[in-house]
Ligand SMILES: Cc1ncc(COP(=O)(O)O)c(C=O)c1O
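Single chain ahead, written as structure tokens, the form predicted on its own.
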């Protein structure tokens, strides 16, 4: 039975239960959230039972280009409210890229300098976007991944703790709270309460924790499922293989109903399929989420499966993700779908 940590807000008060389209925003912060929900129909044609549908929430429509805009905004605004982020301070955090972009964007909008620690092998596009916002990048060992960035960020702060404000996305409860207050209510509204399964990739854990808590508060029968790489040496930027990683303090695996592992190869194949069949160009973590969603949906007699596509694919065009796309053909999708059918038998539905 999934549980909720005692320190976390369980009341729907303050959550955005009603959608108000943004006709005019006073600043970039007003553009964050209220992203569209897309039904995936072409890849799934003839594969699912009539009462089963899959939807993807397209977080690339946020102004910073990813789901990370939501927690970044919440953490920064709470830092300002509490007086922890004041003029003269520099915003610093470790990031695999998308949170860094969000923090760089918000720092520019609010007038704060930003320094970001990230693995040197992060995509060229992410690096350039961060620098375009005027933020400084400090590179960590690429072989150590996001964990190496976390450790280096700690060392930098230790040398001059008074200089920095660290949102600390891996340990800050405002990360999942942002999703409890926005992502969860949006999905509930967009599906008219019909959502039965929620699926999200595991990075900091903020998206799956916060959104899952809200949806289970509205309907305890909703299944909350995490997605992670199947191997420590994976190629899925933004996702963590939890057994071999520093586990984020905000992540509580006991709150999940299930966890699905996806290979780098399968995630990449799904990215190509989504682009060439659905017309949606996404990043590799979105490919992994879609593979997991299919595994769940194929085992259902009826249900509404909602997953998160954290960002679009233009940030990864220089990475290994796109080495194989030219040789991809639609007949390769049948092999992937067959794997999803076989592996769906072991997934909780």
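Numbering follows the first chain given and starts at 1. All of these numbers come straight from a predicted model, not from anything done at the bench.
The same protein also has a form predicted together with the ligand, omitted here; what follows describes it.
Note on the interface: of 116 to 124, 187 to 195, 206 to 214, 257 to 265, the segment with non-hydrogen atoms within 4.5 angstroms of the ligand in the model of the complex is 206 to 214.
Proximity to the ligand in the model of the complex, defined as a heavy atom within 4.5 Å, holds among 239, 85, 149, 271 only for 239. The contact residue chosen from 287, 310, 313, 33 relative to the ligand in the model of the complex is 310, the criterion being a non-hydrogen atom within 4.5 angstroms. Taking the partner from elsewhere, residue 202 is found to have a heavy atom lying within 4.5 Å of the ligand in the model of the complex. Within this chain, residue 98 lines the site of the ligand in the model of the complex, having a heavy atom no more than 4.5 Å away. Looking at 36 to 73, the one residue that comes within 4.5 Å of the ligand in the model of the complex, counting any heavy atom, is 68.
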